[in-house]
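Next up, structure tokens for two forms of one chain, structure 1 and then structure 2.
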Structure 1
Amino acid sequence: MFSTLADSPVRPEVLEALAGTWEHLARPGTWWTGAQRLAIAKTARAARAHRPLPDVELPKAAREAVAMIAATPSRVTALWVSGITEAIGEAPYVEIIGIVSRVVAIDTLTRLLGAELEPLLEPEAGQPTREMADPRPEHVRTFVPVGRVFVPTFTLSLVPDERATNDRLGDALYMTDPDMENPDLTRGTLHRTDIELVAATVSYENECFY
């Protein structure tokens, strides 16, 4: 898996996180089956690349959510989310956010490194776990319940497995919580200010106010 990145000096922990994310994608999730999760991934890829959406078996609202989050996340509004979650439910919507964000991120990395996009795996059989967050995060000001701490790691709290999977990939690609405290962090020749310059520019280009 991810053998096309073998020619680049990708850190082992990043390669491990990429492979883990890809395997996780094909497994039954919390609210969607493995086949549905791969359909979400396929749709996200097409939407992010501004290609026609594939004909996959997903509810219409789910397809709409995937396309919006993949291509124009800053255009998401409270009203739009309430329409989507009325149709598919809040937790399934949160699972879509997790899947789409990771697929877009991994495709972005492989594209920047000049590699071929990683082929999606075959879906694993089985039913979604329907695991509920316990305790359920509070619904305060946000479009879906995320609790009272407004930082990225808590955004997917409604679906614990999605939160954990996003955290693992984010920690490998960006930095861990302890590293976050260090304004003078260096990774090889890359300084923390360099890292944050990239982060801020991506956020600006995505029109992300946060």
Structure 2
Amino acid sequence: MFSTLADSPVRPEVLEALAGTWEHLARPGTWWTGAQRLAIAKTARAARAHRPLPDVELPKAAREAVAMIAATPSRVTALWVSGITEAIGEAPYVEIIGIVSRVVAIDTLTRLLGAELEPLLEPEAGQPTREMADPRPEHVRTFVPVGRVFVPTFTLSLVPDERATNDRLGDALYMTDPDMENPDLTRGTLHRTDIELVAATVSYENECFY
């Protein structure tokens, strides 16, 4: 259960997706262990709140990447990404993008609902899978290589588990791929036009350049 929103008016499927995302965060990922993934989350929270970064066991370049993506993503450039990926690798960087984006999204939702931030879980033991997709030979409107999938979450497609996790959360918070084909979709009290207005406004305010 996602405890801090248990008594909120949030739809059950959204609460289920939030809980699943939080559990996934504590597990070993593709390149980072469960403990490292939680360290990434803690660093993202501190950077987003403009607090001193916690003393966690992450490479210096990884900590820099987390802080930049969490607090000032509009400052990310191809040159900066090149320096980070040279230090930690492209797939580890992509996994950081996935973790940070989900933590920021969920924390923002929680704050907007007037609730306390959800406590992080204890890390699960185990080793990262190191399972990544075969990259396209060319970059496609991204600063990192991508897999063969060419849909809106393709930036994470080099690390399939991160892309799948983001898609599951997006399905609950926004809409599924089949829903995209329905111009009269209604979720809760929102019509498709309301959903798209909110999405466009949030993207604009966050300087989303997709």
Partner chain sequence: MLSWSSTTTRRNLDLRAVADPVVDPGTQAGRQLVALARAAVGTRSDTTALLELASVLGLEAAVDAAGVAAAFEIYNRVIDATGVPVGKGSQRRNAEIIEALGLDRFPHAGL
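Each form is matched to the other, and the largest set of C-alpha atoms that superpose within 1.5 Å is called the rigid core. Worth saying up front: this structure is predicted, and the values here are computed from it rather than measured. Numbering for residues begins at 1 and runs along the sequence of structure 1.
Here the form predicted on its own appears as structure 2, and structure 1 shows the other form of the same chain. Superposed on the core, the two forms differ at Glu196: its CA moves 2 Å or more between the two structures.
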